[in-house]
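Only one chain is shown below, in structure tokens, and it's the form predicted alone.
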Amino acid sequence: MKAAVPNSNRLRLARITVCMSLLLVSGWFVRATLNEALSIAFEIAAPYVEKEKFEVREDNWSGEIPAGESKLVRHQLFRGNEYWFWLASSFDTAIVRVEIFDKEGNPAGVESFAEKNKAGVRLLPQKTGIYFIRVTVKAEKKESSDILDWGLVYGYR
């Protein structure tokens, strides 16, 4: 014979179950949007791979950032290679920008583009060393959360 569960315990169990479900769903949503931002960045890279023979590296970065703020990514690059970094956000109304600097803080990009939620920067490093990629994501109009996703991939030849 099963023991009867008091109504207050059933209600508490139901609330916990609902809360856990919401946490799982929200975690899935965050991963889904980050994956979407990276997918868009990989789509931007596709023509460079096909036409210009760039090789996309497995290294990539993604995250969420408050609208208007910047994030620095530190990465070692090698003299003699040519690099492209591609940045995207899954928010169509996002305005993204990617810039690259040497270790002294000097701009190092030789070419760039920015088209709403997609951007890129090309680099021909004069020295092997650490470089800093600055990712900026702004909202064209007020978003509900003002937290925007971003994904950054790169290729070389």
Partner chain sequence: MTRVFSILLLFLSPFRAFSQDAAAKPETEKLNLDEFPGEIVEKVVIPVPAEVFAVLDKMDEPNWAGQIRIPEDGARPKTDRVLLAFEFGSFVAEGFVAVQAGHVDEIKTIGGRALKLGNALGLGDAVEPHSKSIVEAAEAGDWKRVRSELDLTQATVRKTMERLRDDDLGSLSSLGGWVRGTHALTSLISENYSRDKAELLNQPDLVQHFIDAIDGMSEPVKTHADVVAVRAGLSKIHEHLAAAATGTEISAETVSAIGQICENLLRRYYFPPAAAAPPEAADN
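None of these values were measured; they are calculated from a predicted model. Numbering follows the first chain given and starts at 1.
Although it is not shown, the form predicted in complex with the partner chain is what the next lines describe.
Visitor: Taking heavy atoms and a 4.5 Å cut-off, does Ser90 contact the partner chain in the predicted complex?
Guide: No, Ser90 is distant from the partner.
Visitor: Answer with yes or no whether Ile44 is in contact with the partner chain in the predicted complex, where contact means some heavy atom within 4.5 Å.
Guide: Residue-level check for Ile44: yes, a contact with the partner chain.
Visitor: Considering only heavy atoms, tell me if Ser39 and the partner chain come within 4.5 Å of each other in the predicted complex.
Guide: Contact with the partner chain, no.
Visitor: Whether Ile95 contacts the partner chain in the predicted complex should be assessed with a 4.5 Å heavy atom distance threshold; does it?
Guide: Taking the distances in the predicted complex, the answer for Ile95 is no, it never comes within 4.5 Å of the partner chain.
Visitor: Just give me the residues of 96-115, first to last, that have a heavy atom within 4.5 Å of the partner chain in the predicted complex.
Guide: The stretch 96-115, when checked against the partner chain in the predicted complex, contributes Arg97, Glu99, Phe101, Asp102, Lys103, Glu104, Gly105, Asn106, Pro107, Gly109, Val110, Glu111, Ser112, Phe113, Ala114, Glu115 at the 4.5 Å heavy-atom cut-off.
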